[in-house]
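Just the one chain here, the form predicted on its own, laid out as structure tokens.
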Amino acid sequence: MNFQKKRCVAMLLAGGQGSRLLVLTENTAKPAVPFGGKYRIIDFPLSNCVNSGIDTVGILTQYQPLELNEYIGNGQPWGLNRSHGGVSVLPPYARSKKSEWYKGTANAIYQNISFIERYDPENVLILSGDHIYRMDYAKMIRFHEEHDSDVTIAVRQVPMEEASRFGIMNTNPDGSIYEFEEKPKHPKSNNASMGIYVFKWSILKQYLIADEEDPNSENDFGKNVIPAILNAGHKLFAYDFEGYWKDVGTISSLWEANMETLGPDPEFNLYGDGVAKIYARNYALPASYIDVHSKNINCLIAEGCEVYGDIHHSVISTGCRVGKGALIEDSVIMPNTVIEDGVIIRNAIIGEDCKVCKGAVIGGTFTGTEKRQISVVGKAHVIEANQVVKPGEVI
């Protein structure tokens, strides 16, 4: 079948196990984890694609794909239900000679060369499925083309003391990259890679094939493919990004990012004011009911909730119920969870479809003098009446 040539195809890496999110990803792929009351993590890069005019997106799934595949469906919530292009879910598959999982980020793209070739794109945009941010990829692609770059890497400035945790781009005054260091002990700059890449497809295809033929390669973009392209003398440029961006691959970062959506001037604004809209699947729930005796301060309460207790500085997701006399502080309650009467929850993340029975206590207060301990309850768990879940405990 012949397909119309595309200027750019996006490939979204959404197959990671997400083990650092512990029980939250036991039965759910990391990009399908709820965020911000009514979204899933994958809504953010998908919405960025649509808002940037990119209408062809391949989503590479692997670990626990069922819920993620159901959520994406035909791509209609993001306007990606198209006869030409749109969204395609791309799991590993059995081929004539062998069947194998995606061995690394580069191997995942390699296994889908035939998908990309259908559109004969000028450029391929590589994205991660576990970051929270808004970004106009069209500006990055335009920068890439104006500089005749073979590879363009989105970077953001991080504090110098944290730079050793990232892949660091060392650049010339014109933004061209002369050196890439993976988590250097003594970084020379603070230009940290965001894991967002634009490649000329002709260059990427060549190096994906070479990487696959190297038995010693880890088949990773940051460790193998990008250094190989750089060492061969190709043109690489850093694209500076100054907006909000957070990797939510850990419990603490997921909690922090949710908290950063709160307040009159949030660090990450989920609302309007001219910013690009984030699209999500709409389950057509009714408006939330807030009881007259409920006291709610600095919180997000998504649709379909019934709230009789008190909520302070927290995110309450769609379809939740908070009983009388309950108190929720500095916490994230994921969708369709029932919090019964008299429950106290502080500094916690409660997974989807949970039930916290009467009088239970989860988590504890935070004084600011020690590291915050986040208690976590996994999906569909029941916390029994009067049960105590200690600060930092994971169930």
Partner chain sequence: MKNIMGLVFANIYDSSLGQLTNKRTLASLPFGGRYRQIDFTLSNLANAGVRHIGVVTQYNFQSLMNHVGSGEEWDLELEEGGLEFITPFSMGVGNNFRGKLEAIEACSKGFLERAKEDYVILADAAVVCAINLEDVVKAHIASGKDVTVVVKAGIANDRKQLDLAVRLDEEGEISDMAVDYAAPEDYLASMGIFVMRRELLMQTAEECVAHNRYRFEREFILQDWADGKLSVGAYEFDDVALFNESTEEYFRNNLAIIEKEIRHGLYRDGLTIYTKVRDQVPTYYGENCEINDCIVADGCVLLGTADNSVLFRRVRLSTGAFVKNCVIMANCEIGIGAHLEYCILDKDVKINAGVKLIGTPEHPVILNRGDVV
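Positions refer to the first chain, counted from 1. Just so we're clear, the structure is a prediction, and the values are computed from it rather than from any experiment.
The same protein also exists as the form predicted in complex with its partner chain; that form is not shown, yet it is the one meant from here on.
Site annotation in the predicted complex: the residue of Ile251, Cys299, Val89, Ile141 reaching within 4.5 Å of its partner chain with a heavy atom is Cys299.
The listed set Pro335, Pro45, Gly363, Gly36 contains one residue whose heavy atoms approach its partner chain in the predicted complex to within 4.5 Å, identified as Gly36. The chain is drawn here without its partner chain; in the predicted complex, the stretch among 231-239, 103-111, 209-217, 276-284 whose residues come within 4.5 Å of it by any heavy atom is 276-284. Within 4.5 Å of some heavy atom of its partner chain in the predicted complex lies at least one heavy atom of Tyr308. Though the partner is left out of this view, Arg156 does not reach within 4.5 Å of its partner chain in the predicted complex, counting heavy atoms only. Although the partner is absent from this view, His293 contacts its partner chain in the predicted complex, with a non-hydrogen atom inside 4.5 angstroms. In the predicted complex, its partner chain sits beyond 4.5 Å of every heavy atom of Tyr178. With a change of no less than 3 Å, the CA-CA distance between Lys295 and Tyr308 is larger in the predicted complex than in the form shown. CA of Asn336 to CA of Ser294: farther apart by 3 Å or more in the predicted complex than in the shown form.
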